[in-house]
Ligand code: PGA
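In the block that follows, a single chain appears as structure tokens, in the form predicted alone.
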Amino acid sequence: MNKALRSAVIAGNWKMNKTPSEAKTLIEELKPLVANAGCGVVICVPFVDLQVALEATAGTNIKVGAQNCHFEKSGAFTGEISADMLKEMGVEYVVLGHSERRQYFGETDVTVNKRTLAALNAGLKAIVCVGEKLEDREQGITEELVALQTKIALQGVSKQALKNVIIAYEPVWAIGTGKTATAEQANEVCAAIRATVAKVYDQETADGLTIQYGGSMNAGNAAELVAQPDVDGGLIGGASLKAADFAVIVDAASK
């Protein structure tokens, strides 16, 4: 982390977990544990939990995010949620392009870009996910692939709008597998993402961009990961469902 240049943010991605009543219980447990955090704290919850989360976090330092949004404002898209709907609810963040969305629901670099533009135009802050599969890493094309994903995701995003974007580097091979990139591997790719942004925009803009690591960061490895100069926090999966573990990660990013 380099807090002199940019914000550190820990965001929990609850995925498809927690009913509204369970969500309220977890949030109430979490609130006192992260009340004095020295970094941004976000919980990205299922759509049905958003209202409960917004009510439970009101007046606290915890921000609420959704896990996806559609790229159209409205229309015949059964089951989808628009960015404007989220914004009017009071949601502040939205996760876009998560590898599970790409893998299971056919999202592409192009649709991720469309969702990113829709979210930013609605006034949301976008956590945009990029990352390679195991075969990509084995073929030595990680940096090229992630650079391409980053460039496409940010097409049409102005320098001013980029201030409302967080990039989350999530190696697909390290999500939900228990495998984690080493701190050095994570930093190497986060630095490559920053270098890509510098080429597209400029170095000052790249230096101000928060880039998270999102591959099985947990209470045991968080401190080592966020100690890296280009890792500005994390997008946390399983560990975000346990208040005590999530609080340890937030504490690591608060130092």
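Start at 1 with the first residue shown and count on from there. None of the values given here were measured: they were computed from a predicted structure.
The same protein also has a form predicted in complex with 2-phosphoglycolic acid, omitted here; what follows describes it.
Using a 4.5 angstroms threshold between heavy atoms, Gly75 stays clear of 2-phosphoglycolic acid in the model of the complex.
2-phosphoglycolic acid is not drawn, but in the model of the complex it has no heavy atom within 4.5 Å of Gln67. With a 4.5 Å cutoff on heavy atoms, Pro20 does not count as touching 2-phosphoglycolic acid in the model of the complex; it lies far away. Contact between Gly176 and 2-phosphoglycolic acid in the model of the complex is found at the 4.5 Å heavy atom cutoff. This chain is displayed alone, yet in the model of the complex one of Asp84, Glu107, Asp136, Glu100 has a heavy atom within 4.5 Å of 2-phosphoglycolic acid; that residue is Glu100.
Here the chain stands by itself, but in the model of the complex one stretch of 184-192, 46-54, 24-32, 211-219, 211-219, has heavy atoms within 4.5 Å of 2-phosphoglycolic acid. With contact defined as any non-hydrogen atom lying within 4.5 angstroms of 2-phosphoglycolic acid in the model of the complex, the contacting residues in 224-250 are Leu235, Ile236, Gly237, Gly238, given in sequence order.
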